[in-house]
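Read the single chain below, which is given as structure tokens and is the form predicted on its own.
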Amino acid sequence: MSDKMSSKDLSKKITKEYMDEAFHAHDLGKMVGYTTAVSPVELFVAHDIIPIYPENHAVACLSGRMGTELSLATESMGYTSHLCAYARSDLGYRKTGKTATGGIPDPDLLLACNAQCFTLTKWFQVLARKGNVPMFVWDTPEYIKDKKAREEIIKYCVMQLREMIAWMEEVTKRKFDYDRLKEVMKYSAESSLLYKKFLDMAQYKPSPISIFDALIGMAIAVYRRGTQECVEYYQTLVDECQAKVDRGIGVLKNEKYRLYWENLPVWFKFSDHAKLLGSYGGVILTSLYVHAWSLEFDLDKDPLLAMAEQYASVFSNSTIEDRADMAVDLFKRYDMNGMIMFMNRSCKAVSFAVPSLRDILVKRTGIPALVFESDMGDPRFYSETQIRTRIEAYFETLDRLRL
């Protein structure tokens, strides 16, 4: 790849090559494996199974404002509107064939990980039954604070990774290559640290990136972890950001409020929210969500142990206290002075803790919080006037506190 390519062009090139390979997997002697965004995908990569993420495809459809249409198709099959918008979008796509992209190939096998939520596991079980394909569930118990319990959790997770490898060998009729896994882990570790370096550019004033840049940049970290091109992409992204920092270029010329965001984004309001907040001098810098892929693999350890430690301890699988500690660390490092907390009806796993998390963060930072309720993908549950009014009132509150 040319060093002169921009990160945007590199992302397009990597994505096109990735999807072309996925759609021609069988011609190449490979298999397609569906998996969840936070899963030990390095095992798939090392075993020449092309990972496909129904969540990523759902995000593209939801960002393309297809959430209501696809959800209605899913609800017509008897599913509730309270189901995750990702699942509703995916099942609706399978019923109607409608997509914001070229769609995704069907799977040969499925790997679900419940470090994110239990809905994913049930959703993948539906897909496994429909396609009559094998499925493995990597079970990750909540990563509680007790040291002894954590050691047992990690042992249990490593044991399952060994079972997963045996399962992949059985499905593919090929022996797993541990030397190849070490190479894949090296790429994963490098790209993850570069992605973290990119996210940490938000510490500069003015910040050269917003959470919207982080969300766009996150895609390659999800579906191309463990590859050389992933490392090259994030090196390019970091270099571009550093050039902005060196020239004092920020997302906003007059940066006034440096904001924390709790939860996933409202995908169909992506650019609208950036413009609306920017009109008040506000830029959302980060969230725990985007940091879920800033992994720090210890390459001196056994690869399975290194994977278990990182994937089992992501924010969505942690206690409220640990999540609060992670968030407060971001507040300090990025010097944030505001927070917006989204009660996402589509994501109960992340949203159930928002009221408690708000209380802890307000107490520990002294910064007031804006809490609003909506859905990450379905416009039927988004109130434009109400949310705009609450955002306006929140910035008035922040303005008064600055006087």
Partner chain sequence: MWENLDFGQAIEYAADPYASIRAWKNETGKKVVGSTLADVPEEVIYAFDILPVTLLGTHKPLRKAPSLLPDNACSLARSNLELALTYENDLFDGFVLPQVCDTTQHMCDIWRINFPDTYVESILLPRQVDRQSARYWVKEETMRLISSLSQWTGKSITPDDLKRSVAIHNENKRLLSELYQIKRRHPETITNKQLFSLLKLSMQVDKKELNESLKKIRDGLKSHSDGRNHVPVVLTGITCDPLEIFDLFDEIELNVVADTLVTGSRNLQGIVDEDKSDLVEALMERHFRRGFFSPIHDDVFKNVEALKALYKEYSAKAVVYVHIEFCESEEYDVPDLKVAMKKEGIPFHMLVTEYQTLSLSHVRTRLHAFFESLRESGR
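Numbering follows the first chain given and starts at 1. Small disclaimer: the values here were computed from a predicted structure and weren't measured.
Keep in mind the form predicted together with the partner chain is missing from the figure; the text below concerns it.
Although the partner is absent from this view, G29 stays clear of the partner chain in the model of the complex, with no non-hydrogen atom inside 4.5 angstroms. When the partner chain is considered in the model of the complex, M336 lies well away from it, no heavy atom lying within 4.5 Å. Taking non-hydrogen atoms only, A353 approaches the partner chain to within 4.5 angstroms in the model of the complex. The closest heavy atom approach of H82 to the partner chain in the model of the complex falls within 4.5 Å. You can rule out all but one of 212 to 220, 234 to 242, 94 to 102, 137 to 145: in the model of the complex, only 137 to 145 has residues with a heavy atom within 4.5 Å of the partner chain.
Among S192, Q160, Q310, S207, the residue placing a heavy atom within 4.5 Å of the partner chain in the model of the complex is Q160. Between the options V371, V362, A349, A60, the residue in contact with the partner chain in the model of the complex by a heavy atom within 4.5 angstroms is A349. Annotation for 120 to 142: interface residues with the partner chain in the model of the complex are T121, K122, W123, Q125, V126, A128, R129, N132, M135, F136, V137, D139, T140, P141, E142 [heavy atom within 4.5 Å].
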